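The data below hold one chain only, encoded as structure tokens and taken in the form predicted alone.
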């Protein structure tokens, strides 16, 4: 029965990993920009939830919408003002630019908030429950459900809206999309904003479970890389599958080999897949 508990823990963790990675995958797949800022966006979302709860009593699950909106505006502004100027440059240029912006933002957070870990302690956490001897913390189950909902909503945004179709068109052929009347620069900014929105919303969800510190940004970025390789770049379902796989792998790996080796296992799997299937499990050319 212990293995069912480990599996449940891994799936709850994996849903959050999928939500962490899907915005990163979207930006990389559409803009060909490896967004080093993504981990910092997640931490900023956590801080928004923390201070909204501390000073206004807003529950972190409600702060998902606040953090998502604020990060969308920030991502849109950064893309429009800076990244769009070098969007056609080699990928190393955009990577270096996002790395530099990340250094500025991360150090600004260290100055403003310090490196101390903070935690949201809810006065009335959601009740835990037990299913067939499997213990399920209510807050983690709710965070998992919201993470899955956000991922599914992004999938339908890309499939069923004009903005989504424009994003797909730019992903597949930006020159042809421009000839068909698509404002490519605006779509670039919207896409980057959506990636930041997903990061901020995920940060608000994570704040319920994990302590918050600017030092966490690199760990979140690493998770996004692994999930993208697992599921395949350019696939929202791939990010979901990759996130769930990584969560289960880390959960079982932590049980068998100790929690200190969970990260080693995930990056070991990353190297194996880069050699065996570099396109990922569900990687494809465009979004569906």
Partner chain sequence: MKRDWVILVCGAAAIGALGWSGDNYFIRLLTILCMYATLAQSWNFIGGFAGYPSFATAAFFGLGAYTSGVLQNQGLPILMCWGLAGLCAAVFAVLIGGAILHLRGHYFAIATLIIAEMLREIVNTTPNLTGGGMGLNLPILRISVDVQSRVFLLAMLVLAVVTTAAAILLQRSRLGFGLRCIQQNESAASILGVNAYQYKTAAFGMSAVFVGMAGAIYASWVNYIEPPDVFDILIAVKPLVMVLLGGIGTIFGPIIGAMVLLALEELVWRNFLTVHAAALGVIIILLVLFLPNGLFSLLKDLSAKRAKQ
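Positions refer to the first chain, counted from 1. C-alpha atoms forming the largest set that superposes within 1.5 Å between two forms make up the rigid core. Source: prediction; values computed, not measured.
The form predicted together with the partner chain is left out here; the points below concern that form.
The shortest heavy atom separation between residue 62 and the partner chain in the predicted complex exceeds 4.5 Å. Looking at residue 99, you'd find a heavy atom of it within 4.5 angstroms of the partner chain in the predicted complex. Contact check for residue 233: a heavy atom falls within 4.5 Å of the partner chain in the predicted complex. Looking at residue 47, you'd find every heavy atom of it more than 4.5 angstroms from the partner chain in the predicted complex. Looking at the partner chain in the predicted complex, residues 53, 153 and 157 place no heavy atom within 4.5 Å of it. For the stretch 89-121, the set of residues having any non-hydrogen atom within 4.5 angstroms of the partner chain in the predicted complex comprises 91, 92, 93, 95, 96, 97, 99, 100, 101, 103, 104, 107, 111, in sequence order. Core-superposed comparison between this form and the one not shown: the CA of residue 222 stays below a 2 Å shift. Comparing the forms between this form and the one not shown on their rigid core, the Cα displacement of residue 257 reaches 2 Å or more.
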